[in-house]
Structure formats: C-alpha cells, structure tokens
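Presented below, as structure tokens, is a lone chain in the form predicted alone.
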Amino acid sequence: MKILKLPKTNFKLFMEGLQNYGEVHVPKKKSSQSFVFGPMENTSEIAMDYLRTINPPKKYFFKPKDTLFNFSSTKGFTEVIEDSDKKIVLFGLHPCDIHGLKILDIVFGTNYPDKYYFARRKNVIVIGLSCMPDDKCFCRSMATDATEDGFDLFLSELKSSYLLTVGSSIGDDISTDLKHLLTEVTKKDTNEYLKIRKERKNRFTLSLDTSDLPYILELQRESEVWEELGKKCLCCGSCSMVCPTCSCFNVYDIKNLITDSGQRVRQWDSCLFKDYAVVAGGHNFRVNRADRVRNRYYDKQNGFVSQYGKPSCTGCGRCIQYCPTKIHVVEVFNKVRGEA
C-alpha cells in the first residue's frame, strides 16, 4: 500500500487528469438534501461534502433495467451486455459503499458468476472518499466505516490536502501518471489525519448491537414486533431500491406486436412487493406484509450471515432517510432485542 499527498490546490487538475482513464462520474447535488452519482461536466459541481446518494453505486454494475438478450423466430438469440466496454472512473465512494460493492461481488460471483455484472465491474475504476457521519450513519457498528481494499485510489481529507492511498495496479498507474500533482506525506500530515480520525469516531451517534443478533432473530421469529411493523410499512420497496446491497430482480419478456421477436429484460425487484413470492398455481409464501417485512430484515442480518459469515447491511443510512413512514432499522432491531 502506497500513500501520497494531493494538495487541494491541485485537485481540479487531478480530476481533469482522471478523464484520461474513462468517463468520470461524481456525486452531484440534486436538491437541497439529495445527491446522485452522474457524469462530471465541471469540477465545481462535485459535492465533496455529500453523505449518501439516493441510488447507490450498484446502478453502474447491476442496472435498474437491463436487456439480457434479443430474440426472434428467424435469428434466434442475440446476447446483449449494455455498456460492457464503457470505461468509467467512479469518484467519491464512501467506505460503506465500497463495502456494498464487495458484498455484491460475493452475491454475483458465487456459484454462478453473473457475466453482465462483471463485464461492467472490470471496466470501472473506483476512487473512494472519506466522510464525516451524521445521525443516520451506523456503518461503524457494521464494520464498514473504513476499508483497506475494494478501491483503486482513496482520498482522505485533511484541511489543505488529501492523503491519496493507492489500492491497485491501475491506481498505481494513475498516481504515477499524475505524480507531478502529488507530494510526500509528512509527520504533520500523519498527526492531522490521526486527529481527524479521532474526531470522526466521536461523531458517530447511532449504533447497532450486532452481537448474537442472528441468534436473537431465530428466537424472535414470532415476535409481535413484525406485526406492528407490517401495519406501518407500505411495502413500497423504497428501502430495497436505495439499498447498496439489495440484489433481487425479476426477469420478463417484451414482445413486439406480431410476437415473433422481442427482448428478455432483467429489472430490480423487491421482496417487499406482494407478488414477489408468488409461485406457480398462484400460491404466495408471504402474502402478509408482516411476513415480507420480517423476511427483508432476516435476509440482511441472518440469512446472509449464515451463508457468508457477515451481514449484508453496510449501515449507510439510506433506508432510514428515504422510508416514507420513517421506519428506523436500528430501532426495529432494538425492539426485537427487547431494549426499546
């Protein structure tokens, strides 16, 4: 691991230099309280102080709506992988979102690797960015508040510069190419980083006790908490759409008017939707809202843990911020524990 220093006076030139490696996408302000990742048109539009975007970075690899292949009665099947050759530099991912991508790598890479996901993944350069938490961040509880891998470059902000950590061979190529913009790290920089690190640690006000949580969830499958939550939850799927690790999808065909050709499409789905668990014959395993809500919580903190040894929640706070009925995931688990 190599660490260099990028003075803030050189930041604009640094961002412009990244354009040699692909189309640069950055966090941008959409409204007073919302941000999105989008193509950089000018360095002045980069929202360096953002905390979370509406849609997570997964949209670049696991598209909200994705054509898998075209078909026709005359030509048969023609595979389609949209944007498979498009080079992108994705700038500004916080540690929790980098962990989100690492979780998706497991989901789409285990047993039956998803070629659509990885065709895009290999062409994206990931550049991380440090952050200060707010009252919705509980990434420290999920051990996703920092990361030592999963990025090509990572910028940790100091007062007048950034510490630039090199995390891959392509990251090393970029740092070598732009070395005229970089300097060596001094003892003063190190001390400043340690001071900011301590301040960041003290900024966390929200925490989730994950110790023996899967065990408690097994004991609390019939808890009245889920019925209460089912009455409050709209099952709109907002939390699933903004979640950096939710990967449920539906597959369907779109046919032309004479039905001899069409497309097979994959689209984001949610286990909260009523028809998600419908099987042949019209039977629904989770017809009640309470069952669907419980299933989502169990998948994050129980099912994924049992299969991969860690939860699939990153503590980014998106589900808290964008739930229309203000359901608070940490408060839910505290109720399950009997602590609220």
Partner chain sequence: MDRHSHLNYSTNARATNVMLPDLARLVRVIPMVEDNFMFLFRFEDPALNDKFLYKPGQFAEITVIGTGEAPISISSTPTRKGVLEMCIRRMGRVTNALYNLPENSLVGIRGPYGNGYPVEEMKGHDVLIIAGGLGMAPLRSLLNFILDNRSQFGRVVLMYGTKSPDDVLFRDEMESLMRRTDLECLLTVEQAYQYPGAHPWRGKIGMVTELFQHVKDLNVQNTYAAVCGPPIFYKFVLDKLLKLNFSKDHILMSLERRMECGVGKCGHCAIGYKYTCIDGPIFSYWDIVNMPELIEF
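Positions refer to the first chain, counted from 1. All values reported here derive from a predicted model rather than from experimental measurement.
The discussion below concerns the form predicted in complex with its partner chain, not included here.
Colleague: Report yes if all three of Phe91, His94 and Lys187 come within 4.5 Å of its partner chain in the predicted complex by some heavy atom, otherwise no.
Modeller: No, the candidate spot makes no contact with its partner chain.
Colleague: Might Asp145 be said to contact its partner chain in the predicted complex, defining contact as any heavy atom within 4.5 Å?
Modeller: Although its partner chain is absent here, Asp145 would stay clear of it in the predicted complex, with no heavy atoms inside 4.5 Å.
Colleague: Using a 4.5 angstroms cut-off on non-hydrogen atoms, would Lys29 count as touching its partner chain in the predicted complex?
Modeller: No, no contact at 4.5 Å.
Colleague: Do Pro214 and its partner chain come within 4.5 Å of each other in the predicted complex, heavy atoms counted?
Modeller: No - in the predicted complex, heavy atoms of Pro214 and its partner chain never come within 4.5 Å of each other.
Colleague: In the predicted complex, is there a heavy atom of its partner chain that lies within 4.5 Å of any heavy atom of Asp269, even though the partner is absent here?
Modeller: Yes, Asp269 lies within 4.5 Å of its partner chain in the predicted complex.
Colleague: Look at the stretches 157 to 165, 195 to 203, 179 to 187, 98 to 106 and give the one with heavy atoms within 4.5 Å of its partner chain in the predicted complex.
Modeller: Going through the listed ranges, the match is 98 to 106.
Colleague: If the cut-off is 4.5 angstroms on heavy atoms, which of these, Asp134, Glu224, Asp260, Asp209, is the one near its partner chain in the predicted complex?
Modeller: Checked against the cut-off, the match is Asp260.
Colleague: For the stretch 114 to 137, I need every residue with any heavy atom inside 4.5 Å of its partner chain in the predicted complex, listed N to C.
Modeller: Sequence-ordered list: Asp114, Lys115, Tyr116, Phe118, Arg121, Lys122, Asn123, Val124, Ile125.
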